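The chain below stands alone and is given in structure tokens; this is the form predicted alone.
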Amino acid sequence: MRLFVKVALATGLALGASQASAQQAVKVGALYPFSGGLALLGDESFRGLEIAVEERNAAGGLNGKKIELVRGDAVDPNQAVGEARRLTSVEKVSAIFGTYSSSLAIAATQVAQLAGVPYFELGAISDPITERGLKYVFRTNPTSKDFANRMVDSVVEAVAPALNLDPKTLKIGIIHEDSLYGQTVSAFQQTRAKEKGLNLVETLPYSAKSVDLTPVILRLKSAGVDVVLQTSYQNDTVLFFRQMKDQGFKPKAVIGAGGGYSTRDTAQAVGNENIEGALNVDFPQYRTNPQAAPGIDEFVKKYQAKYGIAPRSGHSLTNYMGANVFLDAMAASKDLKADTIRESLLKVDVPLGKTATGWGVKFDEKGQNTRVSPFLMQWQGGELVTVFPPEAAVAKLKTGVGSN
């Protein structure tokens, strides 16, 4: 009997200690595509969040409580819904961070809103994410309209001057993968091109799962397109550059909307010589003037120390910056109720140029950060370097793509 009492007492004490430990932790969800076709940039995005959380825990956690990251793998919108439900109802997370992909974010944010759990978007760009009246959804990164406007404006402000040509004489072709991401950016591009009086001659959607983009490329070539604006993920970016070379299509400029254009893996897959000169409107990358993005060099050092390689794209930096904004707001809240966190977030006021991405932070009532803008980068010598705006640039824009 005594042995039984001792064992029961020991078991009870251990269970109590375990429960007390669990109570001292703040669970937050990390919802990204960790597998499937979007996994590369999904994982790269997560790494920025992971570094931010580890830093916070090393400094004492969230008001003395350790932050516990609970991962959710969202391969497609259906799985995003399922994982969001698990995180909110089973894991009981205090907030969800994510997501990289717009279609995944659209699906998961609805679940979080219904559960009364804040959802912090750090990378998906489609405008509807913060335009559906979901009061617990906030986003630190730029929108697809920001990307589209910068891409079209770059033709006028950077590409045409470098070519010494009137931008209105250039034939513009828009191509895009046909999910929410590509559709949204493309629609804004068309509107902006019309506003700027540019000559848009082709708008061609395609599936990101395509194994042959030859018909798209031949349409562009037949139309005599000078400047291609592409919204794409990694696999279709690689396919486009390979088949563009195969078909002898040599436009004066190609401008990507982040996605596959932003990774070293893409450059390695197509060859540095083939992607040389390609432009990319995107989140800040690592070859950016640190005076315009204070803290960017320190982040790169932290990344390399943890993962043993250089960052694969700017997605990790963007998620790191955004995660810190939201963790600061959670720390400033008197409790972790959704309404309290929302109240704290609406008070955030960070000037432009004061974060590692160069952005500021000021949320509107919809939850969108209003002090953000993507930069214009270019692949030069195997590196993605910032060429515009001038205060962030570390190199001058060059003309031509690949062997041009």
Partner chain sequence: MDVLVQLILNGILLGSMYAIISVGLTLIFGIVRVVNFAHGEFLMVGMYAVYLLGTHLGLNPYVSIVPVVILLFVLGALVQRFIIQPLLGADEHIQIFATVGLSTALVNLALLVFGADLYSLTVPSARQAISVGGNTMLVGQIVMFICAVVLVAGLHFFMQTTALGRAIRATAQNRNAALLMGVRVDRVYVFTFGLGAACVGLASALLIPLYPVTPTIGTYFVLTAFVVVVLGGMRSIYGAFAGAMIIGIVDSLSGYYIAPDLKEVVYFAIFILILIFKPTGLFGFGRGTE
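Basically, rigid core = biggest C-alpha set you can superpose within 1.5 Å across the two forms. On a predicted model such as this, the values are computed, not experimentally measured, just so you know. Residue numbers count along the first chain shown, from 1.
Just so it is clear, the following notes concern the form predicted together with the partner chain, a form of the same protein that is not shown.
Interface membership of residue 290, the partner chain in the predicted bound form, 4.5 Å heavy atom rule
No, residue 290 is distant from the partner.
Within a 4.5 Å heavy atom cut-off, is residue 307 in contact with the partner chain in the predicted bound form?
The answer is no: residue 307 has no heavy atom within 4.5 Å of the partner chain.
Residue 163 versus the partner chain, in the predicted bound form: is there a non-hydrogen atom within 4.5 Å?
Taking the distances in the predicted bound form, the answer for residue 163 is no, it never comes within 4.5 Å of the partner chain.
Residue 143 versus the partner chain, in the predicted bound form: is there a non-hydrogen atom within 4.5 Å?
Flag for residue 143 set to no.
Report yes if all three of 168, 170 and 201 come within 4.5 Å of the partner chain in the predicted bound form by some heavy atom, otherwise no.
Negative, none of the three is within 4.5 Å.
Could you tell me which one of 235, 79, 110, 191 places a heavy atom within 4.5 Å of the partner chain in the predicted bound form?
Contact check passes for 235.
One residue of 325, 155, 216, 117 in contact with the partner chain, assessed in the predicted bound form (non-hydrogen atom, 4.5 angstroms):
Partner contact (heavy atom, 4.5 Å) among the options: 216.
Counting any heavy atom within 4.5 Å as contact, can you tell me which stretch out of 282 to 290, 244 to 252, 68 to 76, 328 to 336 lines the partner chain in the predicted bound form?
Looking at the partner contacts, the answer comes out as 244 to 252.
Heavy atoms within 4.5 Å of the partner chain in the predicted bound form is the criterion; list the residues of 27 to 64 that meet it.
Read in sequence order, the residues that approach the partner chain (within 4.5 Å, in the predicted bound form) are 37, 40.
I want to check residue 222: does it shift between this form and the one not shown by 2 Å or more at the Cα, with the core superposed?
Yes; residue 222 is a residue whose C-alpha shifts (by 2 Å or more) between this form and the one not shown when the cores are overlaid.
Honestly, after the rigid core fit, is residue 179 moving at least 2 Å at Cα between this form and the one not shown?
The answer is yes, as the C-alpha of residue 179 shifts between this form and the one not shown by 2 Å or more after core alignment.
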